[in-house]
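The chain below stands alone and is given in structure tokens; this is the form predicted alone.
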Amino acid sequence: MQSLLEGLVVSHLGKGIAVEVNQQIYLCQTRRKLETVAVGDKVQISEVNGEQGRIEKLLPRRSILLRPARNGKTRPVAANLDNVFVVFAVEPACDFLLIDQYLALTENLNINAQLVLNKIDLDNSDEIEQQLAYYQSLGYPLHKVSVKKSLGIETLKQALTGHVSIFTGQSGVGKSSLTNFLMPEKSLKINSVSATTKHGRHTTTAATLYHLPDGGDLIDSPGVAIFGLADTTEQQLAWGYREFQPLIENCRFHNCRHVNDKGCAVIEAVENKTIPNSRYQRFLKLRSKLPAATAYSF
């Protein structure tokens, strides 16, 4: 019986999946009954010939990040992540609702979240600084960087070293610029994988995993800016707000929705200004976006 090779999924190329085994790339197909494989997954493959293989087994994941798909379903974006770096900037205007959504999701997935304020060469506002100070008070690391001026990049590199990470954020905040700055040979790596697998130049249609020069991996997922709330329940959303966590058990009712419920410890904290009203209002807005099927599941 042919022994299986253990490898790392580094990209989806056309209809094939690029799997790295001991620095060699195999273009693989998957067994039909196997669940959808994501970049970052560890797998076992059988070798078909020198450069092709078949994914036989998906190894256990320590984390999985999903995105919305058709018909209310989800698809995996990246597996075995340690960190999600939420990138935002002064321009375009900071979308704190989107930032809260990312943080709520990572909190429930047990993936560390870190914040990256890009374009610090542009003028900032007091409001943004106040919001950022609050996130930091909750324990979220903040990196202030400028690719244009090469500011703050070394500290960001240190946070990436030795971990599997992904950049996410709205369009125009500079995710691609950051990725290219951190990995100047990125295009060469894409061409190398494409050449090895006999695919055309830059045929990547989904996320791609790159090994960082100083150690660690960065998953680049172009075009995937939003990870939706499709599988999120009311309870999970509330838990995703880190400052709510110690208060939830103090609510009068175990199924408290934290909206207009009597004896709600979260609402009391908002009224006492322990929790900023702006942050609470964003929670209510995200809650209103939850799928109807999960809206009253507690």
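Residue positions are given as counts along the sequence shown, with the first one as 1. Since this is a predicted model, take the numbers as computed values, not measurements.
The same protein has a further form, the form predicted together with a small molecule, not shown here; the description that follows concerns it.
Chemist: Flag residue 173 as yes or no: does it have a non-hydrogen atom within 4.5 angstroms of any non-hydrogen atom of the small molecule in the predicted bound form?
Modeler: The answer is yes: residue 173 has a heavy atom within 4.5 Å of the small molecule.
Chemist: Is residue 143 close to the small molecule in the predicted bound form, meaning a heavy atom pair under 4.5 Å apart or at it?
Modeler: The answer is no: residue 143 has no heavy atom within 4.5 Å of the small molecule.
Chemist: Taking 4.5 angstroms as the cut-off for heavy atoms, does residue 147 touch the small molecule in the predicted bound form?
Modeler: Residue 147: contacts the small molecule in the predicted bound form.
Chemist: Can you work out whether residue 177 and the small molecule are in contact in the predicted bound form, taking contact to mean some heavy atom pair no more than 4.5 Å apart?
Modeler: Yes, contact at 4.5 Å.
Chemist: Spot the stretch among 94-102, 75-83, 155-163, 113-121 with residues whose non-hydrogen atoms come within 4.5 Å of the small molecule in the predicted bound form.
Modeler: That would be 113-121.
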